[in-house]
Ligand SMILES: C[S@@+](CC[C@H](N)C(=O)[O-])C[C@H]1O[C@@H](n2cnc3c(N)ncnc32)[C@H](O)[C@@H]1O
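Take a look at this single chain in structure tokens; it is the form predicted on its own.
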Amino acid sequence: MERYREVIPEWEAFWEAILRPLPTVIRTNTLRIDPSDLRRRLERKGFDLRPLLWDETCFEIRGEIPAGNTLEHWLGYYYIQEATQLLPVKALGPKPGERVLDLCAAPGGKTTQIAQYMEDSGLLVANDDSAKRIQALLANVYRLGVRCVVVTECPGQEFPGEAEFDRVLVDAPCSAEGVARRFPHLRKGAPPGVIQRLATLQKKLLVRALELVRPGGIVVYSTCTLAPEENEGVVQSVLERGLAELLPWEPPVPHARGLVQFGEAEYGPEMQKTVRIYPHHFDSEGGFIAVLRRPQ
């Protein structure tokens, strides 16, 4: 992590946040229950719920038992989802009746969140390349009662079709440095070889996503890592090829803008349209979000 010292604002606050336990956040499954009804049910069980100021369907939750050990969780009334991971779908902005692809979907947190935005209408394709991870994806789709989803198993960079979707989410496999609060071994930072290998895959995934979205359609690229090679570097690669234009996005939480440069790499002022989230911004995990549009 030390290599990010010069680019992360308030480095000491960042590091203090990394060392603190992560709050538990739940997202109400509005396809099955109203947030106020869910809150009443859980408070009767002894949980303390604090609504997120920027999303009335979500709560920070505390209790004497794990949030996953309730009847309401089993019934699919809510999904346990870290706060930063709620943001990519907000940036995607799916609407009822659209055709949407979640290219790297398992275990299904963002898939089921997309379905809520779509009011369970239209077509949502949830794809993953791992049969084992698809089991978790299917379990969550069934538990939350989502009906507009079709689940597929395919390497994302080889997903078939052309201009099939209105919106595509690429929540890319990454080196996961942003989740170091949960996994202390990541506090050392990811090995350079792992970062480079993943960046190669991420570029292929983003190119394929831009081929799969219709002209004028939206692609959101997101990761849970801090590595510029996997974030700004990947986005820059498609911009240089003229495959997309980068759109500005203002999240409803404290954040930093994307990096214009890192070390010897020059990404350019356009990257200030992208978003970086650090753990000290709002007591969350780290992440990166870019909103792209395929040219008409």
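Sequential numbering from 1, following the sequence displayed. Fair warning: this is a prediction, and the values are worked out from it, not measured in the lab.
Quick note: we don't show the form predicted in complex with this ligand, though the next part is all about it.
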Among 212-220, 68-76, 108-116, 160-168, the stretch whose residues bring a heavy atom within 4.5 Å of this ligand in the model of the complex is 108-116
### Query
Is the gap between Cys154 and this ligand in the model of the complex 4.5 Å or less for some heavy atom pair?
yes
Could you confirm whether Cys104 comes within 4.5 Å of this ligand in the model of the complex, counting heavy atoms only?
yes
Contact flag, Leu138 vs this ligand in the model of the complex, heavy atom cut 4.5 Å:
no
message = Considering non-hydrogen atoms and a 4.5 Å limit, does this ligand approach Glu98 in the model of the complex?
response = no
Assert contact residue (this ligand, in the model of the complex, non-hydrogen atom within 4.5 Å, options Val149, Leu205, Ala83, Leu92) equals Leu205
From Leu144, Ala180, Ala199, Ala172: within 4.5 Å of this ligand in the model of the complex by heavy atoms is Ala172
Across 126-160, the residues having a non-hydrogen atom within 4.5 Å of this ligand in the model of the complex turn out to be Asn127, Asp128, Asp129, Ser130, Arg133, Cys154, Pro155, Gly156, Gln157
